[in-house]
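Next up: a single chain in structure tokens, the form predicted alone.
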Amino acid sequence: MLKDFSLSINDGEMVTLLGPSGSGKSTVLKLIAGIEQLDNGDIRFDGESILQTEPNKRGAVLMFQKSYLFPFLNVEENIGFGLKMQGVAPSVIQGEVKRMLSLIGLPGIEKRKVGQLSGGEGQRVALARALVTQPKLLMLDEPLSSLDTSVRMNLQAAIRDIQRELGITTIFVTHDLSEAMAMSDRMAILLDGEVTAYDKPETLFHRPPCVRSAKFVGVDLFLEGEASGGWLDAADVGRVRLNDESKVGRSVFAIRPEHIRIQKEETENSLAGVVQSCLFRGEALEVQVRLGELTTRVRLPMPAPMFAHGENVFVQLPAEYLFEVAA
């Protein structure tokens, strides 16, 4: 269920709805498409309500996780189906199908049967079918989640390129943070039916506005205490230098795990800790460190030395990377 949901999208923009399963992402798309009905509120295109407009006349196309291609039609017939229903001439349909296949990077497969397509090819054809009618709004409901990683990354780039080339307003739904950041002009974090943050991907990744959003984008160290004169007196870990001397009063500050450092000697803004685990993640080393009553995750870029379980270390929090979050 959505709670006081409000979102404004600019013409030609690609916005991602990011959130866990059950957060209401797909519900938003179904409401816009007319598959589900609003209890209250409004949906507007260019300032005009579409609630009384029939679903097939709203100019909004919804593409699902599965391609749902018609198995009894070939690729050309699948892509051209919407145009055929609109009464477009066969010669025009044929030209548009060729144009769409070129756009999605699959020229010359007009006569191929649906059963002969790979998963990635099927999704590309489904995308072409959605785009060929030139909708006002394209909505993609986790269309890549069932694909292999390499195919998924290639299609991310392809969809983004096509969206930019056509300038089509797009809403992309995903539960994957890295996918959302790669695909978005702006992204909205949706938790329990509520938009907890809405901004550019780089802003939400590095400085999410609240604790709930910060946790969802991978932040897990939060320091709460009294701020004054450029310092934060945090009950759990002690005194920490801030990069903002004007901040006064009860505050919560956070830091991304990529910005934390581990060292053997104590320096300013370093907290004594004990290593709980150390995992090699390929591009980074992930270290869990206990800091008194708190435990934090540190991501060190490779190459980095391995740390032993129970090893005493100092966790350093660079003041320039500490940011305030709303509780």
Partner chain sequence: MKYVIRALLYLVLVAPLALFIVYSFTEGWFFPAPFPSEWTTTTFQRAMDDPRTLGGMWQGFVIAVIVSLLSLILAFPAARALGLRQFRGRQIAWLVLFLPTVVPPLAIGMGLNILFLRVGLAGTIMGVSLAHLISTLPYTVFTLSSAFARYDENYEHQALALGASPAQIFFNITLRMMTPSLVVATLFAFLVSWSQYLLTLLIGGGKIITLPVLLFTAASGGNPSTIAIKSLLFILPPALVIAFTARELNRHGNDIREQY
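Residue numbers count along the first chain shown, from 1. Just so it is clear, the structure is predicted and the values come from calculations on it, not from any experiment.
There is another form of this protein, the form predicted together with the partner chain, and it is not shown here; the text below is about that form.
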Q.
Given a 4.5 Å cut-off on heavy atoms, tell me which of 104-112, 223-231, 81-89, 236-244 is the interface stretch with the partner chain in the model of the complex.
A. 81-89
Q) Tell me, which of 63, 28, 260, 271 has a heavy atom within 4.5 angstroms of the partner chain in the model of the complex? A) 63
Q | Among the candidates 97, 130, 168, 171, the residue which, in the model of the complex, approaches the partner chain to within 4.5 Å (heavy atoms) | A | 130
Q) Looking at the partner chain in the model of the complex, do all three of 35, 56 and 68 come within 4.5 Å of it through at least one heavy atom? A) yes
